[in-house]
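Given as structure tokens, the chain that follows is alone and in the form predicted on its own.
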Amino acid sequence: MDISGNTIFIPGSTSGIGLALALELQAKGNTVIVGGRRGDLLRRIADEHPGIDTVQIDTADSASIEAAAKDVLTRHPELNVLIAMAGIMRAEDWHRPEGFLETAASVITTNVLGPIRLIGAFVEHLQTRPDATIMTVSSGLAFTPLRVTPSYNASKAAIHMLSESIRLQLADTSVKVVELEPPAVQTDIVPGHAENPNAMPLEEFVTETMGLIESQPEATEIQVERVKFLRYGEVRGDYDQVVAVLNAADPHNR
């Protein structure tokens, strides 16, 4: 993915990693469209950051995705990058069904079906662009499980394998598939997580991520150094130790 000259839609980017990346990508000379559920947040972003376009979208709702895609492509037919950022993280207790069933359904709908539906809404258009990118967002927890978030872990593992698979299928097109793999980052993905001392500061994460995108335009996985502890435990042969260290730390470590 080139660092500049793109038209980029980032659904799920009214805060946290998504918004921070949106602002940095705009500063690098890209046209950026921010998507989110809350109209008040979208209006504030548009007011505070001239040049950023916005569209209302609920990635847990297939009809909303279809409507937003039509709106985005009507206003920005040159769109060539989709960053499927939206996601939720919830703690669960799998000792009894009432401790996880409803939450698990919500997590899988948002974190797995959401990106699938987003890709479905844009993939034909992206193939018409000479240089296009789909960026998925998994997590270090796709590779090392956090005890309290089983469905989140599973959803991000699914996104990793989805990314690997569609990259193979789209290899005969102009569309690249890039997977962003964040470690724990100081955002409000769960209450209090923005102050988590074990998490990577948001500004530091975004700076390193932007540097990787710029220096490695052909990369298929964007991995800051901090996530490699989780990403490569099995490769190094210390997976059990990595699991133990992760689960002895912050219970909401992303």
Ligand SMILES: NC(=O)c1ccc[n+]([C@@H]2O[C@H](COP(=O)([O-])OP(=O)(O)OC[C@H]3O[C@@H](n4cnc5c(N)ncnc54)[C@H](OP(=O)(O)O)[C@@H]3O)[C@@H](O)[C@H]2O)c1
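Just so we're clear, the structure is a prediction, and the values are computed from it rather than from any experiment. The first residue of the sequence shown is number 1, and the count goes up from there.
The form predicted in complex with the ligand is left out here; the points below concern that form.
- Among heavy atoms of residue 183, some come within 4.5 Å of the ligand in the predicted bound form.
- Contact annotation: residue 188 falls within 4.5 Å of the ligand in the predicted bound form, judged by heavy atom distances.
- Proximity of residue 17 to the ligand in the predicted bound form falls within the 4.5 Å heavy atom cutoff.
- Using a 4.5 angstroms limit between non-hydrogen atoms, residue 122 is distant from the ligand in the predicted bound form.
- Note on contacts: among 72, 137, 81, 146, the single residue with a heavy atom within 4.5 Å of the ligand in the predicted bound form is 137.
- With the partner omitted here, the residue from 178, 126, 88, 157 that has a non-hydrogen atom within 4.5 angstroms of the ligand in the predicted bound form is 88.
- Looking at 91 to 99, 127 to 135, 148 to 156, 164 to 172, the stretch with residues near the ligand in the predicted bound form, meaning non-hydrogen atoms within 4.5 angstroms, turns out to be 148 to 156.
- Residues of 29 to 57 that come within 4.5 Å of the ligand in the predicted bound form, judged by any heavy atom, are 36, 37, 38, 57 in sequence order.
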